[in-house]
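Quick setup: one chain, the form predicted on its own, written in C-alpha cells, and binding and motion questions come after.
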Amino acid sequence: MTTYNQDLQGDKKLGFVLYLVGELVMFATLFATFFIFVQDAIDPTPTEVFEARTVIISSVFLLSSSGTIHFAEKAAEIQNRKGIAIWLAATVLLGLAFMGVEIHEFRTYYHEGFTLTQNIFLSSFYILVGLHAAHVLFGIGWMLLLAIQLNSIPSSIYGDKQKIFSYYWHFVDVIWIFIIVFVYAPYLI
C-alpha cells in the first residue's frame, strides 16, 4: 500500500471515530433526557412497563453478535473470505433476531396501552431505545453491503471497510449495555 493510500485509510478511520463521538453526544443527550423524565413517571411507571424476559433475550442476541463480528474481522485480517462470509452472516442473523425481539417488545407495550404519547417517560424511552434499534437496522444494511462487496474489491481495502464497520457494531453494542444498565435494570431488579 502506498503512503497516500495509508494516509487515506488513516483519515477514514479518524473521520469515523469523530462520527462516533458525535453519536456518543447524541445518545448522552437522550440518556440525560430519559433520566430527567423517568424520575416523575406515573401512570405508568417503568416497573409497570418493562419485562425482563425480552430484555434478556434481546441482549443475548445483540451481545453475541459482538463476538461474531470480531471473528469476521479476524477472518478479514488473514483474508479468509469464507470465514468472513460465515461470521458476517451469523452477525446479520443475530442482528435480525435482536430487531425481531425489539419489534415484539414495542408491539406488546403498544397493545398494553403504553404508547409514545402517554407520558413523557414513555416518549423518552421510545426515542432512546428506538434510535438504538434504528442504528442496529442501519448496521444490518451495512453488513449486507459488505457481503455484496466481499468478492468484488481487493482484500486489503475490504479489510479496512470491515474494521471500520466493526467499530460501529461494537459502539452499538456498548450503547445497548448502557441501556440495559441505566434504563432497564434499575426497574427490573
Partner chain sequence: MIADLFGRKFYMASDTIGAWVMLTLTAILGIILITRAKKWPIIREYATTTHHRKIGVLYLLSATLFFMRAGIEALIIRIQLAFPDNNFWVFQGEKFNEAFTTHGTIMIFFVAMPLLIGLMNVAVPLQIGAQDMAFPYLNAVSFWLFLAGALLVNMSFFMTASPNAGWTLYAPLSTDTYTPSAGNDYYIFGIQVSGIGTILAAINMIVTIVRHRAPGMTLMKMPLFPWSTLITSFLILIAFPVLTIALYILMFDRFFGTSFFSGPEGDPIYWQHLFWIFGHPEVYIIILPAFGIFSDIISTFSKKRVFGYGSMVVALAIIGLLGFMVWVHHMFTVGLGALVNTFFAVTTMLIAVPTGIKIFNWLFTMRKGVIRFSTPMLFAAGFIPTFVMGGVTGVMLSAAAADLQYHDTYFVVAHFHYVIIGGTVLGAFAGIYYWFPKMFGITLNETLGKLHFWLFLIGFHITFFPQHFAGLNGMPRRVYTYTAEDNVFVFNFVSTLGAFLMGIGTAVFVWNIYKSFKKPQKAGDDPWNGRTLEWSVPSPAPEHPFENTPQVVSHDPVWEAKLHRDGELPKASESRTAPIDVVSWQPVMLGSLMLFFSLAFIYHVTWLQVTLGIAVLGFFVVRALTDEHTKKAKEDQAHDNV
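Numbering follows the first chain given and starts at 1. These numbers were taken from a predicted model, which means no experiment stands behind them.
One more form of this protein exists, namely the form predicted together with its partner chain; it is left out here, but the text below deals with it.
Its partner chain in the model of the complex comes within 4.5 Å of a heavy atom belonging to Leu30. Contact check for Ser124: a non-hydrogen atom falls within 4.5 Å of its partner chain in the model of the complex. Contact annotation for Leu116: at least one heavy atom lies within 4.5 Å of its partner chain in the model of the complex. Not displayed here, its partner chain is kept clear of Ser64 by more than 4.5 Å at the level of heavy atoms in the model of the complex. Shown here without its partner chain, the chain has Asp11, Lys12, Leu14, Gly15, Leu18, Tyr19, Val21, Gly22, Val25, Met26, Thr29, Leu30, Ala32, Thr33, Ile36, Phe37 in 11 to 46 lying with a heavy atom within 4.5 Å of that partner in the model of the complex.
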